[in-house]
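Subsequent text provides structure tokens for two forms of one protein chain, presented individually as structure 1 and structure 2.
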Structure 1
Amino acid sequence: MAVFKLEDFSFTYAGETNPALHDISFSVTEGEFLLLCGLSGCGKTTLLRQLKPAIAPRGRRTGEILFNGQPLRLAPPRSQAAEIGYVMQSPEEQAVTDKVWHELAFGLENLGLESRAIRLRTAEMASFFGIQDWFERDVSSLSGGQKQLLNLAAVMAMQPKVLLLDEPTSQLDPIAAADFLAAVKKINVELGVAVMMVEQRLQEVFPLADRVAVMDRGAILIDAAPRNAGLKLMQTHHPMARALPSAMQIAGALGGDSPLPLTVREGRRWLRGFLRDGAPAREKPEQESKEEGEPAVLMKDCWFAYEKNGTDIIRDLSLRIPKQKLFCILGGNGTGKTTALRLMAGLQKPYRGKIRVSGKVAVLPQNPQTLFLKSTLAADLADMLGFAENRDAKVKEIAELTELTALLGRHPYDLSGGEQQRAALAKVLLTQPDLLLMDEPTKGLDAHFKIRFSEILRTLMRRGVSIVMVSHDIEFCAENADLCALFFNGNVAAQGRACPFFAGNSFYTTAANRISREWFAQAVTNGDVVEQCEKIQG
């Protein structure tokens, strides 16, 4: 039986003439895991929100959405709240109470369950998700990954029939993301709950799905099993093909036959078979060299805590970031990355140590919505320039650079997550900084715009801009960073040029490196692996 069934469904935002969704027909069956992907602005989040009426945007709808065989619009509010679970992109946005136990109980209290039933369900969820040790903790004390897992547990306490997830791992480090996805798969397999997940980072999610629906310009372009969907994307040279799992991209680039590998394990087996007797002896890892150059940021022996006598978030941190380089900071949630960025920006002051920063500083925050002040994107961008000469021309230029021209008349809050990220970037770039500090700038960006984004960063560096970027996007950092640092416990655990940095790591490395490291120690991108294989094949 279909949990959701859409019949010729279309939606147009209030005040707009062009539909954001048009003529969509598909279903989600009981116990199915459906991955919904596509370029930023294609309608993924808009579609997902249509399935949860309480958060659906205002606008005109045609066609029908059926929930358990009945029109969703006629479903009782209690049924919509309890049976349709929804987890948002940001871990911060969904939590509403102070304590972990209260967060688990909050939805049940609103459903009017008696105390005994609430205690039973919260205990059951705490045990199922392995969060018993957090039960009495403050929600504010949890890491981003823990908060997102708590959000999932709180939703599951209401025993939904279907779970809707909107890029739930975009703000999580790789380890926390893997834990979260493992919990989602466990819910899907062991509880039989249908899952519909919107995601840009396909490396880990693609192999988990039963079905993949690829959206393009408000319509369903592909609806197939993961291997078939990936093959169609590559055969049509669709921009989303660049987001496919590394094993699939490498095999496809080298002319592999279907079925193509999906996981790292399958990729290693495929590569071993491809190389056969031509496999080289594993070369020695490249030796790290000392990076010279005038610093854009110099931190020396810095200590910082948010409260007097509180826990130190930054511990004896010394960091030298050269000018006109892309310096990427990686590490788990709660290791001090964002706090270090705030110290560089002058938003916080260390209680011990010194910081020297060169030139004008601009900050792109993790939550782009904090930058939006006006009712349209055009007004928001113009506001950054005040009464500057040629203001309209400058707004037009930055909109073209960040591919936002068609969205200038939209309210910033009506944009997709990736579009909001681009809009925030556009606002920040209008300040013409010497030092650009960015916190998770690639979250929500599709594979196509990530290429454009890397071009923008290279252009800025050629113009003399120095860039520091906090990120969980290992693949992007490996492809584009000049230097990388791994944060742990408020300090730098490892630092170096991108290639030897990632080649020397076990988990904080790329899927391409995990697939090929037995043969190619220095291969950290898909292109590196393909290039080495082509050399061997002659």
Structure 2
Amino acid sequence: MAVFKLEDFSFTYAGETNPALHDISFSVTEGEFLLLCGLSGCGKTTLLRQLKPAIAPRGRRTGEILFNGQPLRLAPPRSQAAEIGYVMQSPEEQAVTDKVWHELAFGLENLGLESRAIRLRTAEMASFFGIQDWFERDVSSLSGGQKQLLNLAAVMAMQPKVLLLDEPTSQLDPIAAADFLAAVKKINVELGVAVMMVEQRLQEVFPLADRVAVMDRGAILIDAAPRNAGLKLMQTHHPMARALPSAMQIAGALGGDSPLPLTVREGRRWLRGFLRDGAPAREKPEQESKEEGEPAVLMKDCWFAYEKNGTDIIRDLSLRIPKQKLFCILGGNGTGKTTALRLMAGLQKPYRGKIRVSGKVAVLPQNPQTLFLKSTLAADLADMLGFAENRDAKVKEIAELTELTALLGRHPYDLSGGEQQRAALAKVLLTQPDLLLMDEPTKGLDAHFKIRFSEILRTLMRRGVSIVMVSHDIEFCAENADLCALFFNGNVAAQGRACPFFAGNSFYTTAANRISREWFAQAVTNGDVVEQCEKIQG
């Protein structure tokens, strides 16, 4: 039986004329894992919210949404609240109360359950998620990934029949995201709860999903099993194809037919079959060449701790960052990446060692919202320039570079995640920095905008800007970085040009490299693998 069934559903936001969703027909069956994907602004979230009337935006609806065979609008509020679970993007804002146990109990209190019943259900959920140790802790003492897991557990305590997830991992680092997705899969498989998930991390979610729906401009473009959906995306050269799992992209580009490989394991098997005849011997990785010339940043024997007798966050760090290059700092959480960035920005001083930075520095913080001060984007950008003469011209120029011209009249907080990131970048660029420091700039960006973003970075480097970015996004760094450094325990564990750097790592590397490392020493991106294969095929 279908949990949700939509028949020719259309929706127009109040006060607008063009529908945000049109003629949508699809269903979610019991116990199914459905992935809903599409570019930013295609209507994914709008659609997901229609399925949860308590938070559905206002507007005009036509067509019908059936929930368990009954029209959703007729379902009693109590069953809507309990049976349809909804988890949003931001781990922070979703948590309502200050204590973990209270957060778990919050929904159950709303349903009017007795104290004893609440005790049992919270205990059950805490044990299911393995979070019983946090039970008495403050929500604010949890990490982002832990908070999001708590939000999921709090919704699950209400025992929903279907779970709606709106980009729940977009604010998490890869490890926390993997934990979260594993928890979702566990709920789906072990409790049989249907899952409908909007997600950008297709690489990880595609193998988990039973079915994939791709949205484009308010309509459902593709609704198929993951392998077929991927094939269709690639055949139509849809921008979303760039976000597909590497195995799929490589096989697709080499003319593979269905069934396409989904995971690294399947990708290897597929490549082995493909290369059966002409498998080359693995060549040695290129040797490093020494960097010459005046550096943009020079760190020598730096040590840093936040508290006087606290643990050292940065230990004996020496780093040389060349000019006009994109330098990526990778590594796990708490390895000192962000702290190193703060040292370069001069926001903190090392207690030992020297830092030399040439030219003007600007920082793009992790949360772009922290930069905006004014009520329109234009005013916010103009504010950066004070009373400079050709202020408007400069704002216009920067808006063009970052493609914000159409959005200048909007409130910065009303922009989407990707747009906010661009606006923040524009603002930072108005200070005309020589060195641009960025903390996780690709967090929450879709595949399409990541390409635009890397183009902007190229333009900046041509204009003489040096860029350092801290990132968890291995794929983006492999595609775009000139140099990469792997941080571990407050120091650089490995460093080098992007290609040999990733080719030299065996675990901390791209999926494409993990698929093909047996055959190609230098293939790091999907494009590299495809190119090498084509060379062999002649």
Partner chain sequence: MKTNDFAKLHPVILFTYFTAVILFSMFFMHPVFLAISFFCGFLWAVSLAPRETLRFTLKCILPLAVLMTVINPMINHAGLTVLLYVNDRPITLEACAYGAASAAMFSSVLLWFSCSNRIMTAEKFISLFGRAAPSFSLLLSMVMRFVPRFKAQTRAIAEAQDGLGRGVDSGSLPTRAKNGMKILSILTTWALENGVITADSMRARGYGLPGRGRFQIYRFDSRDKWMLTILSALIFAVLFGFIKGENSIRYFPFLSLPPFSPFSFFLYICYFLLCSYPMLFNAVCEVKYHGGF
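Residue 1 is the first residue of structure 1, and the numbers go on in sequence order from there. Take the two forms, superpose them, and find the largest set of C-alpha atoms that agree within 1.5 Å; that set is the rigid core. Remember, it's a predicted structure, so these values are computed and weren't measured experimentally.
**Message:** I want to make sure I have the labels right. Is the form predicted alone structure 1, or is it structure 2?
**Reply:** That would be structure 1.
**Prompt:** For F9, is the CA shift between structure 1 and structure 2 at least 2 Å following rigid-core superposition?
**Reply:** No, the C-alpha moves less than 2 Å.
**Message:** Is the shift of H472 between structure 1 and structure 2 large enough to count as movement, that is, does its C-alpha move by 2 Å or more after the core is superposed?
**Reply:** It does shift by 2 Å or more.
**Core-superposed C-alpha of Q146 shifting 2 Å or more between structure 1 and structure 2** = False for Q146: its C-alpha shift is below 2 Å.
**Request:** Any chance you could measure the C-alpha shift of A481 between structure 1 and structure 2 with the core superposed, in Å?
**Result:** After core superposition, the C-alpha of A481 moves 3.6 Å between structure 1 and structure 2.
**Request:** Once the rigid core is superposed, tell me how far the Cα of G417 moves between structure 1 and structure 2, in Å to one decimal.
**Result:** So the C-alpha of this residue moves 4.5 Å.
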